[in-house]
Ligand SMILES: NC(=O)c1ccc[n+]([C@@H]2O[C@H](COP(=O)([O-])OP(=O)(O)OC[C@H]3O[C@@H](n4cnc5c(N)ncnc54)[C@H](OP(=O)(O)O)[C@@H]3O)[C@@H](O)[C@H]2O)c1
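Here's a solo chain for you in structure tokens, the form predicted on its own.
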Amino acid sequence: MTVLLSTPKPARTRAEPASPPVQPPLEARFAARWPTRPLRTVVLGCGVVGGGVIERLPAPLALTAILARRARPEGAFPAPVFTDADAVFATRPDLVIEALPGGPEAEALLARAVAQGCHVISANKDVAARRPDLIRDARAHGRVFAHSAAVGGGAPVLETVARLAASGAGIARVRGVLNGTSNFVLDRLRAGQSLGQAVAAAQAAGFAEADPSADLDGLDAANKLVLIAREAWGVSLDPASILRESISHLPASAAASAARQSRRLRQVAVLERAGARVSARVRLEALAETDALARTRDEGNCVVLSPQRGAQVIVAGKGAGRAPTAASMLGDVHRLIAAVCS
């Protein structure tokens, strides 16, 4: 029996056999409490995702500053907008919400937030995968470093993995479509577009960065496998060591050839554990149309979790774009509020 989860994120995972309810780990891990007062909050980045988060920030958060790459007109946002990170951190934030493109600047700002004792909520899977020390340091000082949006977008992948691990069911295998941009591109290739046309369409839709290589080459999916392995088994993988196949290297006829065989090309990310050994790979596969991963369309994500005991669990949802990513980050915000403001 398969249990299908889809957006919006459910409050709990339904799986068989039934196990006692387990609270999300974010609430359980941190004992630190502040007095009930507005948390001084800054948002790094006010683009597609950051803007979506800012629009829906709940009480008890007091938005004190926003970091942007360029100046914005006064009154355009509900807090002062700065182009200087020093001015943002001078507001003495309790919480830093990071929604910047990946890269050295985002990594440096996240490290600064942790060093200053801030709670952190981020969608940056690159930094979260490569810098587990930042997460450890934050949590060692009773602070939250949450990154649910780094895997699955609107699909609650890390949350579900954590619940399965905590329930005692364990996880033996993870198999999924983890990158919405690559999925979108592969669907466009199947429809007859060239790679350049498909990438341009993904960029126009807000799913792909100006440089889409991390998506097409499987590095984004590899980073997500690192985060899943850490949540499932507490192991550290090197994303650079994970074998990957690139969509950029696909023959021009590959998508049409798969379609003629009633199959669909997908970028499939796989984690498997046998004893103490964990293996990971990201490869391109021509899947039967009946496969749950083949049925994932456009920017969707889908992950099949095979527990050591109990029923298989499928988690699905939109994997890219403003709404699902912002919603996932806001889910972390609400869990943070429950942890530190109760």
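A quick note: this is a predicted structure, and the numbers were derived from the prediction, not measured. Residue indices: 1-based, along the sequence shown.
Unshown form predicted in complex with this ligand; subsequent notes refer to it.
Contact with this ligand, judged by heavy atoms within 4.5 Å in the model of the complex, is confined among 206 to 214, 159 to 167, 231 to 239, 137 to 145 to 206 to 214. Remark: residue 72 counts among the residues lining this ligand in the model of the complex, judged by a heavy atom distance of 4.5 Å or less. A residue is said to contact a partner when one of its heavy atoms sits within 4.5 Å of a partner heavy atom; residue 316 fails this definition for this ligand in the model of the complex, lying far away. In the model of the complex, this ligand sits within 4.5 Å of a heavy atom belonging to residue 105.
In the model of the complex, at least one heavy atom of residue 49 sits within 4.5 Å of a heavy atom of this ligand. Scanning 198, 271, 226, 100 against this ligand in the model of the complex with a 4.5 Å heavy atom cut-off leaves one residue, 100. Think of it this way: in the model of the complex, this ligand has a heavy atom of just one of 287, 68, 292, 284 within 4.5 Å, and the residue is 68.
Looking at this ligand in the model of the complex, residues 39, 60 and 339 place no heavy atom within 4.5 Å of it. Contacts to this ligand in the model of the complex (heavy atom within 4.5 Å) from stretch 308 to 322: 319, 320, 321.
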